[in-house]
Each structure stands twice: as C-alpha cells, then as structure tokens.
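Just the one chain here, laid out as structure tokens, in the form predicted on its own.
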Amino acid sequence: MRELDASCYHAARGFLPLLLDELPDRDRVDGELVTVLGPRRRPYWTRNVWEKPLLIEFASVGEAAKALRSIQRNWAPLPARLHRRAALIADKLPPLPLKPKAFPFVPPDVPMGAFTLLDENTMIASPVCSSPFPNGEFEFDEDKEGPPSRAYRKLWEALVLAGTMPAAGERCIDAGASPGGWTWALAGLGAEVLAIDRAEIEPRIAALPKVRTLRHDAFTLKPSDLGPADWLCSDVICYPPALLEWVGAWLESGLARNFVCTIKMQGALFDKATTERFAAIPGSRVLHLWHNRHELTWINLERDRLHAAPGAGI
C-alpha cells in the first residue's frame, strides 16, 4: 500500500470532456476518473475528488476487501474496468446508504471512500473524498405532485451542501422563478418569497400564502427597488457575465445576505473566465451539483463572507 502524490477527479456526469480541458497535464484517465500528479487542482466539472489516493496491490478479491476494511468502513466502487471483479470486492464490503433521502437532511460526517481497479491485482483507493455520498451521487425522495418542475432538486441540494437554509419568516427573492419550482421549495421552508419572472408563475404556486409574484425582468430591477433579502436565488437562463453583473450590484448594495445562483453555460461552451470571477468573490463556492446539467451553482453565504480573506472581489 503506497500513498500517491496525486489527486483523482471524478468527472461530473456527462462532462468528462470539460474536465479533461481543465486538466491538460493529467497523468492518466480511467473511465471518468482523471488522475493528476502533484498538488490538488480546483476544477469545476467534478462530482467527487479523491484527495488521498493509495495504490494497493492484492492477490485475491478477499485480500482486496480486507485491505479496504482495514482502513475504514465505507467504500464506493467506481468500475472503470474489470466490472465483475470490482463488484465482487464491493460485495465483501459493508453495504452503502443508497436510499433516496428526505429533504431536509444533514450530510453524513463519516468518511466515504472510493476505489477503482487498474488491473486484476492493483487498485487505486482513496479513504478521503470531497463528497460524503458514494461517487458524489444521491437522490432525493421526490415530491411528484407539489412542484411544477424538477428544478427544485438543485436548490435542495445546494442548501443541503451549504449547511443552512431559509428559515420561517425570512425573505427570499427568486429570480427567473417560472414555472415556480424554486419558489415552491422556498415557501415550503416557511420563507416569504417574491417570485420574479417575465413569464407567468404556475397559478397554484403563485397562490401559496407566502408567495408574491412580480411579472418583470429581474435583471432590470435594482436592489433598492426590491429591498433587503435574506436569500437571493436565481435559476435565470442568461449569459454568465449578465448574472455576475447583477450579483455584483446586490453585493455592493449590502441588501442580500445569502446567495444561491445557477451559472448556466451556453451550448457546449464553458465560460471559465466568468466562473473564476464568481469563485473569487469572498466566501464563495462554485460547484457542479449532482442535480445540475450544463451549469454550475454559486453559493455565497453571509457567514462565509465575514470570515473570508480580504482582497478578493468580482
């Protein structure tokens, strides 16, 4: 067993080409897993990062499972090759928590490792990963009747990973709200929601007691037009620089405490320059959620801005 001076990056589902573009100096690629020697990088198009990979040699399936169990309990297989052999090893390990999760919940704080086979007698395994979920994957116990779309799952995931969420009575602004999935989710937490969109919000969502609607382009409204917000949320379909400019106005105004915004890419392109400007805002996290598509999510909380190093900005 040997520790590698490397990190392994598990590509976001369907976005391996974008991850490869971010990591041109990669050492090897095993299916969706990209290994890079040296210090950890900060690519965006990942679902999970293996932070302390080990090279483990073994003579049998049983010996491989024993080696993993000697390190910790939880291991998720990533079958890049030798799928059957990887499955046999996984069968000898404790079962993983794979059931859909009811929102809200607290992410598990026990280590979740991952392993993949390089050949019949060699594996890479990392006991420390960036995601608490097996291979960065999890599903919610979905509400198939209440929300008007499935977009609410992105907001749910962002709030779970943020470790905090709107409380009863807090004021939320939902920009680009139509048809109302995020508004439904925010109102369900007891928040007061102003849903803004040029298109109509689904009537049954607009009629919720904690929801007000405004037919308008949110980006043409100034922060002073809308007043203070505990949470500013946006799932607007727009070019990333337009979202950045809008967010910058709110940050400068000091009228919004917490932000959750989707950075939507155009076509097959990745606007890396604008994404890095989002990431440079003090207290920011930019990540690809399991429930994202060709988009990233920017999370910025008041508590994190207050403790961030000075000097960064948009």
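Just so it is clear, the structure is predicted and the values come from calculations on it, not from any experiment. Heads up: residue numbers just count along the shown sequence, starting at 1.
Another form exists, predicted together with a small molecule; not displayed. Remarks below refer to it.
Listed stretches are 147 to 155, 82 to 90, 129 to 137, 165 to 173; the contact stretch with the small molecule in the predicted bound form is 147 to 155, by a heavy atom cutoff of 4.5 Å. Taken together, the three residues 180, 216 and 237 all lie with some non-hydrogen atom within 4.5 angstroms of the small molecule in the predicted bound form.
Interface residue remark: residue 98 is not counted as part of the site for the small molecule in the predicted bound form, having no heavy atom within 4.5 Å.
In the predicted bound form, residue 264 approaches the small molecule with a heavy atom inside 4.5 Å. Put simply, residue 222 is far from the small molecule in the predicted bound form: not one heavy atom of it is within 4.5 Å.
Remark: residue 110 does not count among the residues lining the small molecule in the predicted bound form, judged by a heavy atom distance of 4.5 Å or less. Interface residue among 73, 204, 198, 212, judged by heavy atoms within 4.5 Å of the small molecule in the predicted bound form: 198.
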